[in-house]
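For reference, the chain that follows is the form predicted on its own, supplied as structure tokens.
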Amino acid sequence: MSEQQVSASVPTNKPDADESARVEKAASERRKSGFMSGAAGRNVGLVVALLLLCVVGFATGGERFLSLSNLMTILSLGSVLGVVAIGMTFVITTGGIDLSVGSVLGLASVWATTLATQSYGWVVMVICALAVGVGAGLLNGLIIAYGRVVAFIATLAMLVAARGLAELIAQKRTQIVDVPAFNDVFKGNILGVPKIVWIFAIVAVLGWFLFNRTTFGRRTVAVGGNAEAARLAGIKVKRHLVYVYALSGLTAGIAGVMILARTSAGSSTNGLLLELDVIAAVVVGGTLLAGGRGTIVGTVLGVLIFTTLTNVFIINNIDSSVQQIAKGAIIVGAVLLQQRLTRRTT
């Protein structure tokens, strides 16, 4: 056999090397694009949107917008919304919805400010508000998971029932907090920041840890991604759904305490239509309405975007009807963007 024949019969690895290089390059490009279209990319976009809103606020409101008192106002307004949104993030990640959070908040604030409850002191007031929230959430979860009622219908029924019960208890009157110790504990500032803002920060950190660093969070994502696959993997889907809705109720109860600290009044109108802003903030933050993907950081940014937008509207004396139209447009835009990103990543 000639030298030329030998060299021709030995396979060369050059084409394989070229193919490997192309595959590696394509994988690298996918990783880069996946990073920018993933959670980090979405959060960067939200930060940019928030900064642009701040620029608009400064351009239209001047130093009034950037004043410390106004910034604290934005954070205070966003705190109640934000705490409820943390719980809603878990619910929507499972592919569900909770329309009752605003009414449960109102019921918790009313029940905690009845004369009988206040007579036992501020600790009982807080426990009562939290118990009302958890109880309503558990009932929602049981009806949805074991009663097999669609989440939209079950929580809509709770929305109506909780608001009606709050009106009966309060007799459609505002109940004033008459426990000085409650105000001492929850009103005022720590290091110049309102206490309710600190509560929001603590709930957000705990929510992030629960969602990203625990089995509970991973199961929440799994149930939302594919409930049947999660069941086959050993996750008790129905029980987990009950826990998730109880968590949502708990955050509504915490928000009930916070609104008492902010207004010193329990009323059946507390939290009216709050669920709409909560769902909007969660969706704008990047949590998929279809379930299977959620983000606590995105939710916090979504809350800040909505409260800052509202503050800019108020500073510029924009009609409330125009505000609602703008918020509706933002929600539709966020959902359309979600659908586009979902199609690109599938």
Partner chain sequence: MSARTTLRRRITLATVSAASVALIATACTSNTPTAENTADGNDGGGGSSQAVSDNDAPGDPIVIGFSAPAADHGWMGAITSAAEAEAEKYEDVELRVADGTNDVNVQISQIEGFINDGVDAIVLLPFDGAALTDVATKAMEAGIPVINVDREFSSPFAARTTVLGDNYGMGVSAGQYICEQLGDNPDAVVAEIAGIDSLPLTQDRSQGFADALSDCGLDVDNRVAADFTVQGGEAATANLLQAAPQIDAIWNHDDDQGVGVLSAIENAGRDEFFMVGGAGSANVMEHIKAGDSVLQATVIYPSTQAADGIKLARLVAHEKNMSDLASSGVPRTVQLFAPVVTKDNVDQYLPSAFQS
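Quick caveat, the model's predicted, so the values are computed rather than measured. Residue numbers count along the first chain shown, from 1.
There is another form of the same protein, the form predicted together with its partner chain; it is not shown, and what comes next is about it.
Every member of the trio 73, 171 and 267 reaches its partner chain in the predicted bound form with some non-hydrogen atom inside 4.5 Å. In the predicted bound form, residue 128 approaches its partner chain with a heavy atom inside 4.5 Å. Contact check for residue 181: every heavy atom lies farther than 4.5 Å from its partner chain in the predicted bound form. For the chain shown alone, residue 92 is not a contact residue for its partner chain in the predicted bound form, no non-hydrogen atom being within 4.5 angstroms. By the criterion of a heavy atom within 4.5 Å, residue 195 is excluded from the residues contacting its partner chain in the predicted bound form. Just one listed stretch, out of 48-56, 62-70, 278-286, 295-303, contacts its partner chain in the predicted bound form at the 4.5 Å heavy atom level, and that stretch is 62-70. Contacts to its partner chain in the predicted bound form (heavy atom within 4.5 Å) from stretch 308-326: 310, 311, 314, 315, 317, 320.
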